[in-house]
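The form predicted alone is given below as one chain in structure tokens.
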Amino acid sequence: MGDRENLNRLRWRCTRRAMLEMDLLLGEFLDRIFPTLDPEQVDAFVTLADMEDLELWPLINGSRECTDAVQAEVVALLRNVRVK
């Protein structure tokens, strides 16, 4: 599978969420910040994107701490995304 196809699949997972807030946040992150991530952070983001909204949202809003250091870096980046 090519990089473009993988990115399209990831975009689909990020923008077809149960929560509209997650659609907007993850979509904006994918457009603006994802291209700047290193490979380890990319893997962490993919893992986060595979989570259900009810698991991911508490990490993003800070009501639950992330136990993985690299995922925590990506969550910190997600927290700083400003949706248009």
Partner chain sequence: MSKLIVPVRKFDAVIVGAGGSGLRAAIQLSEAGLKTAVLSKVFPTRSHTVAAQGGVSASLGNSEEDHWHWHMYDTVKGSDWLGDQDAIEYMCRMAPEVVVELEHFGMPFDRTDEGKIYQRPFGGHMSNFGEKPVRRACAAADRTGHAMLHALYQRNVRANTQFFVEWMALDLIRDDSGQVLGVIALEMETGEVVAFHTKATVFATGGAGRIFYSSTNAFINTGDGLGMAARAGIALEDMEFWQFHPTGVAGAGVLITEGVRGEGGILRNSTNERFMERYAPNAKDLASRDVVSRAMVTEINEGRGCGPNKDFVLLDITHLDPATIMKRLPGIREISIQFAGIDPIKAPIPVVPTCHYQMGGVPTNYKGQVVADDGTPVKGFYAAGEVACASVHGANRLGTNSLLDLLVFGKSSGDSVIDDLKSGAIGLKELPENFADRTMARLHRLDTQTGGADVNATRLELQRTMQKHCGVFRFKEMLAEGVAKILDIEKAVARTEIKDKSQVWNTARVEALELDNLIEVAKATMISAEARKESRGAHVRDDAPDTAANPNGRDDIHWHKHTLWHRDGNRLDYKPVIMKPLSVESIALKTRSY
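It should be emphasised that the depicted structure is a prediction, and the values quoted were computed from it without experimental measurement. Residue numbers count along the first chain shown, from 1.
What comes next is about the form predicted together with the partner chain, which is not displayed.
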(Q) Taking the partner chain as it sits in the predicted bound form, is W57 near enough to touch it, meaning that at least one heavy atom pair lies within 4.5 angstroms? (A) yes
Q | Contact label in the predicted bound form: M51 to the partner chain, heavy atom within 4.5 Å | A | yes
Q: State yes or no: in the predicted bound form, is some non-hydrogen atom of A72 no more than 4.5 angstroms from a non-hydrogen atom of the partner chain?
A: no
Q) Can any non-hydrogen atom of N61 be found within 4.5 angstroms of the partner chain in the predicted bound form? A) yes
Q. Though the partner is not shown here, which residues of 9-37 have a heavy atom within 4.5 Å of the partner chain in the predicted bound form?
A. R9, W12, R13, T15, R16, R17, A18, M19, L20, E21, D23, L24, L25
